[in-house]
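Take a look at this single chain, the form predicted on its own, given in structure tokens.
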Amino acid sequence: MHVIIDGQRVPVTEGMTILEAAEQVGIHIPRLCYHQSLTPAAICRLCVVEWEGARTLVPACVARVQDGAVIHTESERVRRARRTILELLASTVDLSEAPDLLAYAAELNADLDRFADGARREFPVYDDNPFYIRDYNKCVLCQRCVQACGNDMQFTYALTVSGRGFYSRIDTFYHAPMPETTCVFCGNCVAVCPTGALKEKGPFPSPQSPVLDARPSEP
């Protein structure tokens, strides 16, 4: 089996994703929600590619190769889609601590102020434990932390997604402060966060750390 990716003939095996096929020949496809240690969720759509014959762009992290498929990872249609995703993200959250996303934005010539007049997602900063801070003003809802806390790594299920639409957010069950959840403070959620929404304070508790009530008000 083989596919053609950006003009290169790439040998593939059944079940391989486009992302995996591209990486084995050194073609990097931007990604956000994808992490090599987590189950691909195909949420962010930053990894979309153009598959000749398909009506829509497809997410490379989950789309499986087919023999003879012709894939374009840098067509203008693909670049425009990625650029718009980044511009919309920048309009709602703080990307200042998301180096990968800022690098993609520069590469794509994205105008991060394009939708500056749009509504911002604003949350309090939760400092309710000695180990890490939760700053959801930087959260892009990639759900990596939820996956790491759940079936993919720790199996503690302290984190979930609450709310709907624009008001969706990463949360604890019943909005409980982190020490009152099933969290074991393993740090896996912090390790996989790509934007600084979860930030380590240090390996040891700090008695001077201020504590916020971690129960956000409902929109």
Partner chain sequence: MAEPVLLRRVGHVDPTRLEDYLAWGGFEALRRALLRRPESIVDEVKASGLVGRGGAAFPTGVKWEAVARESRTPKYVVCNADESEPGTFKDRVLMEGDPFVLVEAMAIAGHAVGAEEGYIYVRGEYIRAYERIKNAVEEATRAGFLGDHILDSDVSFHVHVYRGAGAYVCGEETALFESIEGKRGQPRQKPPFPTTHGLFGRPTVINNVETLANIPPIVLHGPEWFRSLGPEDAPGPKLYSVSGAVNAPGVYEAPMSVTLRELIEEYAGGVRNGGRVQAVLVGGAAGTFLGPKELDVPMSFSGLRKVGAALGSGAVMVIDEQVDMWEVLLRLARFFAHESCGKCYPCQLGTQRQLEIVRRMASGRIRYQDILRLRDIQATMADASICGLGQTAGNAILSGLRVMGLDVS
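Numbering follows the first chain given and starts at 1. Owing to the predicted nature of the structure, the values given are computational and were not obtained by experimental measurement.
Only in words, not in the display: the form predicted together with its partner chain, which the text now covers.
For Ser162, a non-hydrogen atom is located within 4.5 Å of its partner chain in the model of the complex, even though that partner is not displayed. Taking the partner from elsewhere, Cys189 is found to have every heavy atom lying beyond 4.5 Å of its partner chain in the model of the complex. Among residues of the shown chain, Val184 is not one whose heavy atoms approach its partner chain to within 4.5 Å in the model of the complex. Although the partner is absent here, His72 sits far enough away that none of its heavy atoms falls within 4.5 Å of its partner chain in the model of the complex. Taking the partner from elsewhere, every residue among Ile85, Ser91 and Phe115 has a non-hydrogen atom within 4.5 angstroms of its partner chain in the model of the complex. Checked against its partner chain in the model of the complex, the residues Leu57, Ile27, Leu38, Met178 give one hit for a heavy atom within 4.5 Å, which is Leu57.
Taking Ile170, Val65, Val48, Cys193 one by one, only a single residue has any non-hydrogen atom within 4.5 Å of its partner chain in the model of the complex, and it is Val48.
Taking its partner chain as positioned in the model of the complex, the residues of 29-48 that bring a heavy atom within 4.5 Å of it are, in sequence order, Leu32, Ala42, Ile43, Cys44, Arg45, Val48.
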